[in-house]
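One chain is shown next in structure tokens, namely the form predicted alone.
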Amino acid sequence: MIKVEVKNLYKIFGPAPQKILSHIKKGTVSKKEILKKTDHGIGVNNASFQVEEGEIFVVMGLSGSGKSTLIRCLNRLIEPTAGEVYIDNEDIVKYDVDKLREIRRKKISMVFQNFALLPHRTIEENVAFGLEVQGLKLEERINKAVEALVLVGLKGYEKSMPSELSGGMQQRVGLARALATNPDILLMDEAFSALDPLIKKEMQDELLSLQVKMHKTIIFITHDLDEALKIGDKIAIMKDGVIVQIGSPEEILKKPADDYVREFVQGVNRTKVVTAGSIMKNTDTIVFSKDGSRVAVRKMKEASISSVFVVDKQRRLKGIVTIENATKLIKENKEDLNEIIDTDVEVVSPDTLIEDLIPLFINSKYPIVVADEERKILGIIFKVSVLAGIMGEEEYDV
């Protein structure tokens, strides 16, 4: 289900943005030329995208790319010059002040880079602030605030003041405050960028852990590609106000849309992004356990391979047999493959990362099997496939 949809969104800064809009729509003048000739700045240029319910949608780009302007247009902290912003199929650009205030109170929460905590209020009072704005009674809002603090791992800090907490803990308070109102949508603008690297990693892990429980729709702004690749279900890359590519982390890595994106992804550690599902090969050659040793040997010779995976009638993995053992079985005038099946086979899910595959190959005698939850074979991975995946050559023919 589509939770947020943005259509042809523009934001132009300057005294007469509507007069400039037609020139921008023609696409014949660059952002720099517009600024130089008209003294107008382009914040967002014809942005369109969809965000699924429960998805983490990351918008990334360098400073000045328009990403923070874009996210502020989604709750109209910045008014769009043109375009539509649909939340639950309603265009909030058309909302009056009262309807807009209502959606900000109940449906959308925002987490900022600078924490934005009230220094004279306790932690639980900070977290309860949005609930106070909603008009909830004191006891109810304190109870909800405490629940949110437990959720982000800050139980016991309810009566502390913001100045008594570290930067990472303060950001957890900001996150708890956003969650306390139980919004459908979280807007996170460079929420972790001011944190030290170790604390930043902790907060990323915390967000992913919370998302498993919450299933919120999250739009996350960052300039850090590693962060985008780690937490994003989908990534939109911006340059000069334009969204130049939208895709999954693997799509961004494997098929960059242009040289700008290609330069972005050049130094990425692919082992932390590329999955088993993207580098596995089809298992055209398998045998059923009922087929017998002669069928197994024939299939291996036809495919010029030295081993073959054995499955039951539901195509669930039982193990592997080698041509040596199958040939020996034939010489003994036996057919039952169950006598020679080796069950010492590594099995992974399609979303297993390359970095987790590498240690499995160290002790494995055979290719790794990619299977679903019922152990039905989806594909196999050879060592050379892993190397190709690391080098960005997933289509390498093994």
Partner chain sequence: MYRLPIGKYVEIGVDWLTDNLSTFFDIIKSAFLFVIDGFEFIYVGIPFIIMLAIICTIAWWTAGKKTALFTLVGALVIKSIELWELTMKTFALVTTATVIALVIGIPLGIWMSRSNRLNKGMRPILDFMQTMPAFVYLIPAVYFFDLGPVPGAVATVIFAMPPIVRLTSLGIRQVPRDVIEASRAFGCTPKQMLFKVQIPLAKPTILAGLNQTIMLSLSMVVISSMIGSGGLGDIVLKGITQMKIGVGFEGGLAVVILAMILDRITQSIGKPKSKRKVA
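Residue numbers count along the first chain shown, from 1. These figures come from a predicted structure and were not determined experimentally.
Although not depicted, the form predicted in complex with its partner chain is the subject of the following passage.
Although the partner is absent here, residue 267 is not a contact residue: none of its heavy atoms lies within 4.5 angstroms of its partner chain in the predicted complex. Although the partner is absent here, residue 114 is a contact residue: one of its heavy atoms lies within 4.5 angstroms of its partner chain in the predicted complex. Heavy atoms of residue 101 reach within 4.5 Å of its partner chain in the predicted complex, making it an interface residue. Contact annotation: residue 72 falls within 4.5 Å of its partner chain in the predicted complex, judged by heavy atom distances. Remark: of stretches 253-261, 203-211, 131-139, 286-294, the one touching its partner chain in the predicted complex is 131-139 (heavy atom within 4.5 Å). For the candidate set 245, 322, 160, 143, a heavy atom within 4.5 Å of its partner chain in the predicted complex is found for exactly one residue, namely 160. The single contact residue among 217, 109, 81, 170, judged by any heavy atom lying within 4.5 Å of its partner chain in the predicted complex, is 109. Of the residues in 77-98, only 77 comes within 4.5 Å of its partner chain in the predicted complex through at least one heavy atom.
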